[in-house]
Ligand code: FRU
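Okay, so here's just one chain, in structure tokens, the form predicted alone.
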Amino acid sequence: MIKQDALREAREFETAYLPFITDEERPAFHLTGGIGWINDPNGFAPYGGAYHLFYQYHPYANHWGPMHWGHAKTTDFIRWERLPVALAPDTKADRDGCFSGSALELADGRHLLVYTGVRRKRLKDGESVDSQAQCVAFGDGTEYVKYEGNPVLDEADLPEGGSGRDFRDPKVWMEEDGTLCMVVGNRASDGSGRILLYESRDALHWSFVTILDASENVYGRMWECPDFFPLGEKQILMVSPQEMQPMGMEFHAGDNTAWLIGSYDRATRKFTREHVQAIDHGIDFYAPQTLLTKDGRRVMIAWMQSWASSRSVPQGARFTGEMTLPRELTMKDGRILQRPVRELEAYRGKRVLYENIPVEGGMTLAGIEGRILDMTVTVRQAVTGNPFRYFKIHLAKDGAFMTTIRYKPETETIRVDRSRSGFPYDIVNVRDFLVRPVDGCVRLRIILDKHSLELFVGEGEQAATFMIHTPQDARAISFESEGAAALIDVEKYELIIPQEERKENNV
């Protein structure tokens, strides 16, 4: 049964219940849904002088449910203004969910939304399956009208062997000649993922062009949430592979995110993959999406959660899910680097600096504490003495809780352990990954915001993202070296987001 008033009811629910979630419960500068559940970012794109972000949204509970599109916008990627729910499952084409998609400002000023409409059907043997198809809506930045001819792409538009059950997450862009292009994830007849390319002149009539790339059961199975963009002299196909087998320390088992780095011939629409790089080595990072800023930066945002741990909601939580801090992408020596957006620096408050501090055993430093901060720690071997075996940073710490970052120079590995970070569930809490020291030094940039840790190594060669739910009064930070002394520099900034902005924007 189609619920014709689903959008109005979702907006009324938000209006009624958003005020009950306090600023103390919400993160300071990471976007949430405010209430309910969120997952994938959608429609991350400029429109009308701001950067808009939609997101998969179930406002009525803090677990996954019938998918709506929540909506927010920003001018600096740090402070977000919440806007009314944009889409609800209320038509024949999307009656069981408005799944992930993207957005674009058209030449005539309309805001185009492209999304996956889901319809559930019962088979003769009693099995219930989803049929997925691509739909469009047009709007003005607040109100959106779905195209009455939806879906604009369905199972009949798939190449041979394509699955109509796994055909989702369109990412749209416009070429210089005005052609609209769109990549969509699909599952092939061998059960693994591939990315399809379509073209259109009017956003309503689409033609299949080619298969850009395929997993062939090497990099996981279904490839979700594709994005396709140039970076430096390379072309990037970004995917979120499901059901991966581990590959060394680059990819872990389960759901992953990956950059397929290569070249693209626009005349022939041929993408040639050259190598593959993991995007984030943490536990809580999925379904990233990018945009191009007005000053030419490629900026990425992702769902700061994982499907494997998404049911492990802390007791008493009244909303579930956050977005990562937006990150700038650059290319260096064939490798993609990611750093927090530079706009974050405008919110830096008090600075505390230490240089050439020897650490042997455990120690703390005056002024180095907190849960909302931007801190860089550079660690190296002391000039004399034996090499240290381990160097550790303990964050969000009190007598019972802490999250630990450990660097082991012998193996050039980082381990992040959140086992004591407040999750009373049997879930994955430890992740290891390789790093690349420069002249014997490892640089660790740590962003903390109440419920999360985002770690950037070196110039951004590696990143690792983790949700933590340690009580907020666990604010201590300590340093530890095992085996011998380590030498560290520490630069720490408080991050101050104006309180009145958070109240005004309900974030």
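Predicted model only: the values in this text are computed from it and were never measured. For every residue, the number given is its place in the sequence shown, counted from 1.
Not on display, but discussed next: the form predicted in complex with the named molecule.
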The named molecule in the model of the complex has a heavy atom of only one listed residue within 4.5 Å, and of 279, 137, 225, 195 that residue is 225
Ok, 327, 168, 418, 171: which has a heavy atom sitting within 4.5 Å of the named molecule in the model of the complex? 168
If we define contact as a non-hydrogen atom of the residue within 4.5 angstroms of the partner, is residue 208 a contact of the named molecule in the model of the complex? no
Residue 39: heavy atom within 4.5 Å of the named molecule in the model of the complex? yes
Answer yes if any heavy atom of residue 264 is within 4.5 Å of a heavy atom of the named molecule in the model of the complex; otherwise answer no. no
Would residue 60 count as a contact of the named molecule in the model of the complex, using a 4.5 angstroms cut-off between non-hydrogen atoms? no
Here the chain appears without its partner; judged in the model of the complex, the stretch of 60 to 68, 464 to 472, 436 to 444, 46 to 54 with heavy atoms within 4.5 Å of the named molecule is 60 to 68
Sequence-ordered residues of 449 to 465 touching the named molecule in the model of the complex, heavy atom within 4.5 Å: none
